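This document opens with one chain alone, in C-alpha cells, the form predicted on its own.
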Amino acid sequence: MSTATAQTDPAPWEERKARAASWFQELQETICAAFESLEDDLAGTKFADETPGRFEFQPWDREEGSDPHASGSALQGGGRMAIMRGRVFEKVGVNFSQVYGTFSPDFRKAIPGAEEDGSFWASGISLVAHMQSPVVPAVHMNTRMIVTSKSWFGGGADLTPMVEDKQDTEVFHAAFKDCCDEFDPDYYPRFKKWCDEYFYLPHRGEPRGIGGIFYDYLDEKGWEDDFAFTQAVGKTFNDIYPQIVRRHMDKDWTDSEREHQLVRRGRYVEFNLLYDRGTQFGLKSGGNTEAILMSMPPEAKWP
C-alpha cells in the first residue's frame, strides 16, 4: 500500500480538483443512462409489464458549520443523489459528491495529511445496486479524489451475487485485470487482494461477495496517470456490469432464491454499518446522510 505524498505547488490543484469533480459528474450521468437502458430492455420476469424505472435526481448542499455531528468542523460543498426503483433495479443509487472544509479534531488523525489543520477537499462517485432478481448480482463501485496537505485517489468495484455464477465471476475479474494491466501488472494482484481483505465480515468469517478490486492512497505514478487509472476503473465498470445484468435479467427465479437474496442482503447491511470506511468518512466529513446510507437495501432479512 502506498502512502499519499504531500502537495507541492498549490496552483495546479484547483484545476485538478475541477477536472476530477467534472469527471465524477460525467460518470454519474453515463452510468445512469446505461442503467435506464437496462430498464427499458427488460423482456422477461413478472416485472416485464411494469413501467421502466427512471432516476430521480436530487441536488444537496452542505453549508458551512451545518453538521451538528462533527464538533469543531467547518464544512461546505454538496452533490447530487440519483436514486432509481424499477423493473430490473429494486433500488440503485448513483451519487456524486464534492465536499470541503475542516475535519473535527477527533477525526483528523485518521486521515493522511489532515493531522495539523484538518483542512480537506473530497469528490467522488459512489454506487450501490440492489436487484429485483436474485439471479442478478448486486454491485458496488466508487471512485474518489481526496486532498488534504496530501492528495490521492481511491476506489474500486466488487460484485455480490446472491446465486453465484462462475461465468460472472470470471468475466468481472477479467475485465478489471485488463483495466489494471494497462497501467501496472502489479495493480490487479495487489488490488484484488486488498478487496478480498477489505470486503470481509470478521464476525461471520465470510467474504461479502466474490470480490473485485479495491485501492486507496493511490499516488504512485503522478497525478495524470493516477487520474487516468481512476477514470479507467469507472469506464470498465460501466462496460462489464451491464453485460452481466443482461445475461440474467430476463430469467425467472424461485421463492427460495428470493429468500436467500434477502438473507444475503442482511450481510451487506452488517458490513456497511460496521466496517465500511466510506460510510464512516461520509458521515464524519459532513456528507448527506441519505446519500451515504443509500447503500442500504430496500428489504433484507435475518434468519
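Please read these numbers as outputs of a predicted model, since none were measured by experiment. The numbering used is simple: start at 1 and walk along the sequence shown.
Form predicted together with another copy of the chain: not shown, discussed below.
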Distance check, A18 to another copy of the chain in the model of the complex, heavy atom within 4.5 Å:
no
Even though the partner isn't displayed, in the model of the complex is R85 close enough to another copy of the chain, meaning a heavy atom within 4.5 Å?
yes
Does Q280 make contact with another copy of the chain in the model of the complex, using a 4.5 Å heavy atom cut-off?
yes
Does D250 reach another copy of the chain in the model of the complex, with heavy atoms at most 4.5 Å apart?
no
Each of K109, W194 and L218 within 4.5 Å of another copy of the chain in the model of the complex, by any heavy atom, yes or no?
no
Here the chain is shown alone; which of D239, D40, E257, E270 has a heavy atom within 4.5 Å of another copy of the chain in the model of the complex?
E270
Of 155-163, 114-122, 171-179, 195-203, the segment with heavy atoms within 4.5 Å of another copy of the chain in the model of the complex is residues 195-203
Check each residue of 235-257 against another copy of the chain in the model of the complex and list those with a heavy atom within 4.5 Å, in sequence order.
none
